[in-house]
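In structure tokens, the next block holds one chain alone, the form predicted alone.
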């Protein structure tokens, strides 16, 4: 049993889960308190030690089923020992192929019942960094690597399917059973290659409704506003900013109206012959959030991003800092532009003078990669990341692994999408992939939805 748990812990580590030696030791010690023949209790014991959070449980369940059910370890004594001899013979026949690669070796180990090399290869593909020559931009490296694995699996499957036909009717029963077994193992390997490996995200806050603060202009999509309506909306935003600042100021002024500070109250009561006339409260420091915004400025998405930037930078007193990045296919830091210019002038400068290629195709994967490379130091547990974009990455690699890393470093990630929710996940939209790594997603197509979001953010 100890050897089995150690091998399973290696499989979990190969898949990117953090399993320490002490957790393996704890699992072995806790086996004394359960009936190991009760699989549910055995599984829950391992999951309690190996899965650190709800988000990791899906990956754990997948690995558990693969390791303890699908790989079918050889039993002893085995009445079908001849079948296992046939399996080993068939697997060794693949060794004669020319040009053996690590993928071939991993697949052979998987067929033999050892999934760890293949899991390691899948993890390598998921976290593979892609470097392309300057001027030759492509995010198809991972896709081509997965295609190579798929071709290897199909080649092995075709060879196995042709074996009974080559042997004719005289093929022994053990050979047929061995072929069927290996075909099932290849199906399992193919399923691991193609399945979605997104984690649980039960705590996702998905906003679908909003208050109607303004009936006419408040419900008009940003992308359909005329120049006159844009000017009118700016006036409305200024009024809302003043109201929100007043509410935030009152909240800040009332920060001491919390728990009574008994020691300080009694000390001041000495001035009034022990009568607690002046009640003192414990200082409760309000936490000001750090804001990092990533704004897609391609097409109609920018019409929503500029109004959100307008509100955030007009309310900087409510935040400890605001850092903004505009992007289409690469990140551009526009924080200094907003700090040195009035908000509306800054928006015009971003559109005209910023180093942004507005004619390029949107690539969220490349944007996340550049942000990690150059600006990941801005994130800490006080940082709220706000991403404004439609999630359409033109079929490029979305690099959700980097978004997951950003989630681990910040307080929360909020995604504002200017598209109707009915369009999410259609065509080249990666929203269904991205929202698994966000704390909150909501549509933000008009002024009413924007006001709702900023009120929740500030208050």
Partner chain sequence: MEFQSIEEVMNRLEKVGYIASKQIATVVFLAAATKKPILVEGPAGSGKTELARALAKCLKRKKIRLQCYEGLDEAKALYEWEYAKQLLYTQMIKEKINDLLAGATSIAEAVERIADQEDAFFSERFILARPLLQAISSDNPVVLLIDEIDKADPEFEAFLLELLSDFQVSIPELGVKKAVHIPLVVLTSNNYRDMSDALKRRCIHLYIDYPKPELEKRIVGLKIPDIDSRLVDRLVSAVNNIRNLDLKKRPCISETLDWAQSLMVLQIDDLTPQVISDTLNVICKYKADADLVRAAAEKILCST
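Residue numbers count along the first chain shown, from 1. Computed from a predicted structure; not experimentally measured.
A second form of this protein, the form predicted together with the partner chain, is not displayed here; the remarks below concern that form.
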{"query": "Partner contact for residue 37 in the predicted bound form: the partner chain, 4.5 angstroms, heavy atom", "finding": "no"}
{"query": "Contact of residue 209 with the partner chain in the predicted bound form (heavy atom, 4.5 Å)", "finding": "yes"}
{"query": "Contact flag, residue 430 vs the partner chain in the predicted bound form, heavy atom cut 4.5 Å", "finding": "no"}
{"query": "Contact of residue 10 with the partner chain in the predicted bound form (heavy atom, 4.5 Å)", "finding": "no"}
{"query": "Candidate stretches 365-373, 219-227, 340-348, 261-269, one within 4.5 Å of the partner chain in the predicted bound form by heavy atom", "finding": "261-269"}
{"query": "Contact at 124, 377 and 401 by the partner chain in the predicted bound form, all three, heavy atom at most 4.5 Å", "finding": "no"}
{"query": "Residues within stretch 405-431 having a non-hydrogen atom within 4.5 Å of the partner chain in the predicted bound form", "finding": "407"}
